[in-house]
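Read the single chain below, which is given as structure tokens and is the form predicted alone.
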């Protein structure tokens, strides 16, 4: 492999065939969808939606589940149901999808941005503790890539300060922390079923909680302000319609049944990938804390150490894509650098790790690990090929090809 020319410079790529598509239909999906469609009841009051919400919550070690239209709405709903609003602060990590922060702003509170850990890519617990003020009402840890944040430390912070933990588990369907699944560790857990997620109905979301009061409030807000004890035309608070549809729930129910097998498949294939890159220097993949025993591998983030690897992150990504592996660069900026926060109130601590990640980090999407072990091995072989061609001390000709 050492003498192979990089596809970037005209050599043959490692992968000529693509990786498995996502999303994809699985066994039972069409049957469940057909059953709902033929029922004549497609809306959120269908028993399929209630059943899915209950089973999903139980699977994630929570008592109650509220199925909604999107993960973004699930975040807003959890905040609203927890009574968080104007004058409050909510601590969020500097790297996540924008909804983690804008949900806070949309309920009238202010996001407080803190740094992330350089190894786990999750919220920096020490800085989260430092950021707590008399206005702080909640912390939203994001289980980035499907690796659960250090929930023991965060629970201690929450207990000592009286703030809530609202888990953003959009990446973490089925992930575990010392045997308890994501979503069942804090006051509430928020999941997304958007098109790229490990469970998907194109769109959709879920709030899970064991707090009966929070669950009742969330259910009422979702269902136009109704309560379980009132009539259909009795509305007790300013609710709206966030309900998930029955076809979505049917599709997701089938996916929940196969989720543990798919997590195991990705774990097996990831091990093969890691084995292939064991001799590569200058690449550091996401490191999970000890308690995060089950990881979803929704995405696999990593960092490039240019001096050791022989190329910067952008060159690495370009070379990997040329080899047929769909590696992507990390977020282009921390959340607080988005244009929206030029106008909306927020607070931000110094976030040097988050700033550095925008320059040296990448991620590998889940679908690379959804095929065979050999598919995953190809991704590792591509990393090794790129490294051997570009590493410090490698002999290159003037056109960029490594010499034989």
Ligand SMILES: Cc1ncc(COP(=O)(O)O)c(C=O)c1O
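Numbering follows the first chain given and starts at 1. All values derive from a computational prediction rather than experimental measurement.
If you look for the form predicted in complex with the ligand, you will not find it shown, but the lines that follow are about it.
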Would all three of 97, 170 and 204 be in contact with the ligand in the model of the complex, where contact means some heavy atom lies within 4.5 Å?
yes
Interface membership of residue 295, the ligand in the model of the complex, 4.5 Å heavy atom rule:
no
Give a yes/no on whether residue 194 approaches the ligand to within 4.5 Å in the model of the complex, heavy atoms considered.
yes
Spell out, yes or no, whether the shortest heavy atom distance between residue 142 and the ligand in the model of the complex is within 4.5 Å.
yes
4.5 Å heavy atom contact, residue 289 to the ligand in the model of the complex:
no
Among 317 to 325, 216 to 224, 81 to 89, 99 to 107, which stretch has residues whose heavy atoms lie within 4.5 Å of the ligand in the model of the complex?
99 to 107
Answer key: of 70, 338, 58, 358, within 4.5 Å of the ligand in the model of the complex (heavy atoms) is 70
Of 252, 188, 75, 244, the one that lies within 4.5 Å of the ligand in the model of the complex (heavy atoms)
75
